[in-house]
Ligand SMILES: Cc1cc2nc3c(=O)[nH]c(=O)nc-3n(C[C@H](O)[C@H](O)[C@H](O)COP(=O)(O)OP(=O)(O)OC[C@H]3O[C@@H](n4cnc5c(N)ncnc54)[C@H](O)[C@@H]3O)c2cc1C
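The data below hold one chain only, encoded as structure tokens and taken in the form predicted alone.
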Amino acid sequence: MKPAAFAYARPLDWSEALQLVASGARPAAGTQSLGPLLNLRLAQPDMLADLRHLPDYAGVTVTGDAIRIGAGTTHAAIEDGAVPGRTGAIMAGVARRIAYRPVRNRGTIGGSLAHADPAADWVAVMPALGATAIALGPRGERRIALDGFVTGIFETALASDELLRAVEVPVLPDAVGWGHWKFCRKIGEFSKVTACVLAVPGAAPRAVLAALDGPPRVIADASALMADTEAEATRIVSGFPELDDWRRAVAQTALMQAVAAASQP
């Protein structure tokens, strides 16, 4: 199928982009998720607002202990090292396993988060890293912790008149432990279960269990999971009674594998 007819707008500044969104335009960037929805006519907007040409929509800057990543930064740019340091190494490792390179060349971190597919990679990884979303609306910028950004399937904490402008990620020390494990039946497929564990020296470890048909489950203090991994993983997964037995088993495995990776020197 082909998309239903729609108008196309190319805002050149954020003020114009916000005006278009307020008038009902659908924001678009890499369109790696929106494109199939348009072709299947599951989405039929009257107008698309192409955000790719907005100033500072893509790119990475470091200020103090924070890394600001423009929402229009592609998965490929992250894979290729656009984000510096240990944080960048972690994100590059995640990015290179997102779909296929042609998808990563166009797909963006902000588009993935705003689309809020429960199985998407950044939906799980950004809360684990303690990241913050920077939303822009008529009242200016608003900061939203990523551990509460996704509120449901394809639902976020963004207001209807806001755009996701950037993501802010902490600068992590080299000694940080990181584990990321996801289950896909084949390369390029969306994950059926994803687990992430971040262990920063001197701080409580953090874990996320995601891709389970709802918002990610964030464990702000995963000390118990690190201390008695199998028992705690079983307890955490028992909080998803709607899962089939096979998926519950894979979820437990995901948590244990992520802990094992984060515990390595």
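Since this is a predicted model, take the numbers as computed values, not measurements. Just count from 1 along the sequence shown to find any residue number.
Another form exists, predicted in complex with this ligand; not displayed. Remarks below refer to it.
For the candidate spot formed by Ala29, Ser33 and Gly107, every residue has a non-hydrogen atom within 4.5 angstroms of this ligand in the predicted bound form.
Across the options 238-246, 253-261, 19-27, 5-13, residues that bring heavy atoms within 4.5 Å of this ligand in the predicted bound form belong to 19-27.
With the partner removed from view, the residue among Val193, Leu163, Ala133, Met91 that has a non-hydrogen atom within 4.5 Å of this ligand in the predicted bound form turns out to be Leu163.
Of the listed positions (Leu129, Ala77, Ala120, Val167), a single one reaches within 4.5 angstroms of this ligand by any non-hydrogen atom in the predicted bound form, namely Ala120.
Although the partner is absent from this view, Leu212 stays clear of this ligand in the predicted bound form, with no non-hydrogen atom inside 4.5 angstroms. Residue contact with this ligand in the predicted bound form: Leu51 places a heavy atom within 4.5 Å of it. Using a 4.5 Å cutoff between non-hydrogen atoms, Gly179 does not count as a contact of this ligand in the predicted bound form. This ligand is not drawn, but in the predicted bound form it has no heavy atom within 4.5 Å of Val83. Shown without its partner, the chain has Gly188, Glu189, Phe190 in segment 186-225 as residues with a non-hydrogen atom within 4.5 angstroms of this ligand in the predicted bound form.
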